[in-house]
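Below sits a lone chain in structure tokens, taken as the form predicted on its own.
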Amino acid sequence: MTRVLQVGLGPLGRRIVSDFYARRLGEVVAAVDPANDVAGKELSELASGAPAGVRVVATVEEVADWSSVDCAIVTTSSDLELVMPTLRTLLDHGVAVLSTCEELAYPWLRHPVFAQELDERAIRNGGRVLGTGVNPGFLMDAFAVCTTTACNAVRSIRVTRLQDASSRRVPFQRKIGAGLDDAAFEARAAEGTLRHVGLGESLHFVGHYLGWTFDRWEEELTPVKAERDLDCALGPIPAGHSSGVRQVARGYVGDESVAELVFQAAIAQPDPHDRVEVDGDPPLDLVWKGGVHGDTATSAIVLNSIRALRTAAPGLHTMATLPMQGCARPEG
């Protein structure tokens, strides 16, 4: 029986808890969320399938019985600096921690000091920590690198993810700038609150595991404009306003771009798909028609990674340092 501590009960956290019970993977023994309308409630009021008996507390320090926790799932923030206090507490208790914090998927890019601290703290206390999800964590990095196992040589790689965000949760639609006019889009982009967090992490994950040291890298962000009036969970989108975002990251060896990642998510995005193109020996071109639903896949990847992380050596991990996961079977 896998006993889980869930930290963060926004839409994604609730989805993960519901899927955890629907798949009969174990038991949630404690839950944490500081929001005034969440803390103090029964978990069963927030996530379908969760049984009564687990009351949500406001902080991880309020968790009463650490001996009953096999692993923790943290779904709180994309910013590793904001998640660090939670991770420190969990690792000090020797817990295996999975987090959807995008910057944790490859923390050596923006937070090398935090990465070293997490690794050392985990090893010292017998804990483990992994940042994962559908993207970053799988589609544009781990899966892309894995495809090149069939190659004798790789000259360059291009990964494209086109998503129809119409069915995604509200926080995701807000994060891609759905409905903004040009001025609002530029303002949000300048303050860093409008972007897909993790594209640079995915780029450097790919570079690292394919043996490239980038001489430089770049990232650009532009709006996807609605060609007609649209509607989304945030409200109406007039024609000419942003329906989403297009983000491109490139890594260079010398003057040559050897890795290019293209992320585009928009309301009513036509021809959604995920694609990995490898200029190699042999060349490869893999397309996932219709694309992978981000919320469904993120929940699945987190839950399917629990077993591998719990049995891994203590320390900071990436999706490339764990064995292949596959779809976890129900317990019992």
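Because the structure is a prediction, the values reported are computed rather than measured. Throughout, we count residues from 1 along the sequence that is shown.
There is another form of this protein, the form predicted together with a further copy of the same chain, and it is not shown here; the text below is about that form.
Colleague: Looking at 208 to 216, 234 to 242, 173 to 181, 103 to 111, which one sits within 4.5 Å of a further copy of the same chain in the model of the complex if you count heavy atoms only?
Modeller: It is 208 to 216 that comes within 4.5 Å of the partner.
Colleague: Going by heavy atom distances of 4.5 angstroms or less, which of 32, 267, 28, 301 would be at the interface with a further copy of the same chain in the model of the complex?
Modeller: Going through each option in turn, the one that passes is 301.
Colleague: Quick one: from 166, 78, 222, 147, grab the residue that has a heavy atom within 4.5 Å of a further copy of the same chain in the model of the complex.
Modeller: Filtering the options by heavy-atom distance leaves 147.
Colleague: Quick one: is residue 320 in contact with a further copy of the same chain in the model of the complex, heavy atoms, 4.5 Å cut-off?
Modeller: Because a heavy atom of residue 320 falls inside 4.5 Å of a further copy of the same chain in the model of the complex, the answer is yes.
Colleague: Residue-level contact is defined here as any heavy atom of the residue lying within 4.5 Å of a further copy of the same chain in the model of the complex; does residue 153 satisfy this criterion?
Modeller: Output for residue 153 is yes: heavy atoms within 4.5 Å of a further copy of the same chain.
Colleague: Given that a further copy of the same chain is not shown alongside this chain, does residue 185 nevertheless sit within 4.5 Å of it in the model of the complex, heavy atom to heavy atom?
Modeller: Outside the cut-off, so no.
Colleague: Considering only heavy atoms, tell me if residue 41 and a further copy of the same chain come within 4.5 Å of each other in the model of the complex.
Modeller: No, residue 41 sits far enough from a further copy of the same chain in the model of the complex that none of its heavy atoms falls within 4.5 Å.
Colleague: Taking a further copy of the same chain in the model of the complex, which residues along 277 to 307 bring a heavy atom to within 4.5 Å of it?
Modeller: Read in sequence order, the residues that approach a further copy of the same chain (within 4.5 Å, in the model of the complex) are 281, 282, 284, 285, 286, 287, 288, 289, 292, 293, 296, 297, 299, 300, 301, 303, 304.
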